[in-house]
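Single chain ahead, by itself, as C-alpha cells, in the form predicted on its own.
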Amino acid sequence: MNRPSLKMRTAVLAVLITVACSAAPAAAQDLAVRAGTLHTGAGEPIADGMVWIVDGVIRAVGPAESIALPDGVEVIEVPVATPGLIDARSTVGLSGAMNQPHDQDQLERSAPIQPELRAIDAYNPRERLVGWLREHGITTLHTGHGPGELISGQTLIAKTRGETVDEAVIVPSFGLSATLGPAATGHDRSTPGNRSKAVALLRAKLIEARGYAERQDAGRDLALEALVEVLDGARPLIVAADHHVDILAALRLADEFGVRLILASASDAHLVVDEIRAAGVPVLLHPTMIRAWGGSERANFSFTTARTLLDAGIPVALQSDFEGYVPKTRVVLFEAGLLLGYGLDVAEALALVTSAPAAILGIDDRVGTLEVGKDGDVALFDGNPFEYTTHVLGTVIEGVRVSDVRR
C-alpha cells in the first residue's frame, strides 16, 4: 500500500488543526448581528434587523435603528440571518467521518436491549462531522446511540462547539433510542427474529423495570434504572419506526406503559395520521432525500408527509438520521429546503429545523428562536437559506463566532 505523501499528510494535519481551533470554546462576548433580512422564528422577518448578544444571551432583537449599541460592540453584517439550526436526531459525535471502527461508536451489537449505554461516554465534540455541521449553521445537536437494536442506548443534546464533552453538552442524558422493524430483527438467537418477538422483549423488559422500581431491597441495575426513568416520564422513549405496523406497535407500547413517546423516521406516518394525532406523539421525520429501494420498509415514504403532519396539528421536526456510508450524516438545512417544493413555505421549512425541534426536545427556553433571554445562536447567510446558490457565511453560538467558513 502506498503511503500518503508528506504534502498530503501536512494538508490533512492543517485541516484537523483548523477544525480543532474552530471548535474551541471562547468566552462569551458582546456581539451584534445585523441582517438585511432577519428571521427570528417568533414573528415576521425583520428588514434590516439586528440581534444584540451580551454574555452569550440575547439582549435585544428588532429593527437595527431601534437598538442603540454601546461603543465598541462588534457588529457582523450579513444579508440574511436565522436562529441557529437544530438537528433533531443524529449519531454525529459517536459516528465519525473516517467510517472506520475507531470512530463508529453509534451502535453496540452484543445485545438487543442496552439502555445503560450513555452517549456522553462516547461523544467526541472534536469529531470532524461536528465541525461540518457547525459550518452549515447547525448550533444544536440531538445525538447518541443510533437505530439498529431494540434499545441501543441513551441520547444527549449538545451545542456544536467545545473541546470537551462537558463544554459541549447541555442535556447529558435525554432519551432512550429504540428501534422497531427489520433493522432491529435478525435470524439468530442473539436478536429477535420478527416483529412479535421484538415487541414482546420490549414489553417484558418494561415490566421487569416496573417491578424493579417497586422493590425496596433491589441492588443497582443500570439498565433497569434507565428504563424506570422512561416509565416515570423523566426521559422519552425515541422509537425509530418506518413501517405503519411498527409505528402502531410503538403507539400501543406507549399507551400500555404510559411512557412519553417520540417517533423517529416514521416514513409511513402519513398512513396513520389519525392514530398519531390521537396519541399526541411528536415526530422527528426522516430526511427528505432518503432512499427507498424495492421492498424497503421506507417504500411508502412521501415528500408531502411533513405537510400532512403539520396540517393534522402533529408536532414535527426534521432529522439528519444515520447514514451507513461516508459522510455518515446529512445536513438538515438541505433536507428542509427540498420541502419548499412540496407544500411548505420558507417560515414553515425553517421552523422544522429551529423552533419545532427545540419544542419537541424541551429546550425551547434556550434555543430555536431569536428572542430576548435565549442563547445567542445565529446562522449567517448570503441569501435565502434554502436557495441552492446561497452560502452559509458563518455561525454564532452564545455570542461567539465559532465558524467563518463559507459553505
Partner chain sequence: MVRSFLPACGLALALCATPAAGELRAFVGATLYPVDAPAVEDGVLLVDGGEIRAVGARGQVRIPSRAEVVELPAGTVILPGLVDSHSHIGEVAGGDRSGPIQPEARAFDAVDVRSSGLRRALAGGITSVNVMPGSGHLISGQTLYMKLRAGTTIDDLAYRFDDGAPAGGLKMANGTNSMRDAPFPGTRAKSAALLRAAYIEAQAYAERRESDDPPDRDLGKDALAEVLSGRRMVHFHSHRHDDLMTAIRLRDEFGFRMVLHHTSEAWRVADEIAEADVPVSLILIDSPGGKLEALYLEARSAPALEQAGASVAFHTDDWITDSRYFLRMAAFGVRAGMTRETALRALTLAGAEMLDLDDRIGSLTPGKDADFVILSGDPFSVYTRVLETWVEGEKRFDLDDPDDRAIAEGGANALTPGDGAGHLHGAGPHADHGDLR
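Residue numbers count along the first chain shown, from 1. It should be emphasised that the depicted structure is a prediction, and the values quoted were computed from it without experimental measurement.
The same protein also has a form predicted together with its partner chain, omitted here; what follows describes it.
Enquirer: Among the candidate stretches 246-254, 265-273, 197-205, 211-219, which one is within 4.5 Å of its partner chain in the predicted complex when only heavy atoms are counted?
Expert: Careful reading of the contacts points to 265-273.
Enquirer: I have 329, 392 and 407 flagged as a candidate spot, so tell me whether each of them has a non-hydrogen atom within 4.5 Å of its partner chain in the predicted complex.
Expert: So, yes: the whole triplet contacts its partner chain.
Enquirer: Scan 340, 42, 359, 67 and let me know which has any heavy atom within 4.5 Å of its partner chain in the predicted complex.
Expert: Selected residue: 340.
Enquirer: Just one of 104, 191, 308, 124 has a heavy atom within 4.5 angstroms of its partner chain in the predicted complex, so which one?
Expert: Spelling it out, the residue with a heavy atom inside the cut-off is 104.
Enquirer: Using 4.5 Å between non-hydrogen atoms, is residue 283 touching its partner chain in the predicted complex?
Expert: The answer is no: residue 283 has no heavy atom within 4.5 Å of its partner chain.
Enquirer: Find out whether any non-hydrogen atom of residue 289 is located within 4.5 angstroms of its partner chain in the predicted complex, and reply yes or no.
Expert: Although its partner chain is absent here, residue 289 would touch it in the predicted complex, with heavy atoms inside 4.5 Å.
Enquirer: Should residue 175 be classed as touching its partner chain in the predicted complex when contacts are defined as heavy atoms within 4.5 Å?
Expert: Judged by the heavy-atom cut-off of 4.5 Å, residue 175 is well away from its partner chain in the predicted complex.
Enquirer: Quick check on residue 297: any heavy atom within 4.5 Å of its partner chain in the predicted complex?
Expert: Yes.
Enquirer: Could you pull out the residues of 86-100 that have any heavy atom within 4.5 Å of its partner chain in the predicted complex?
Expert: Those in contact are 97, 98, 99, 100.
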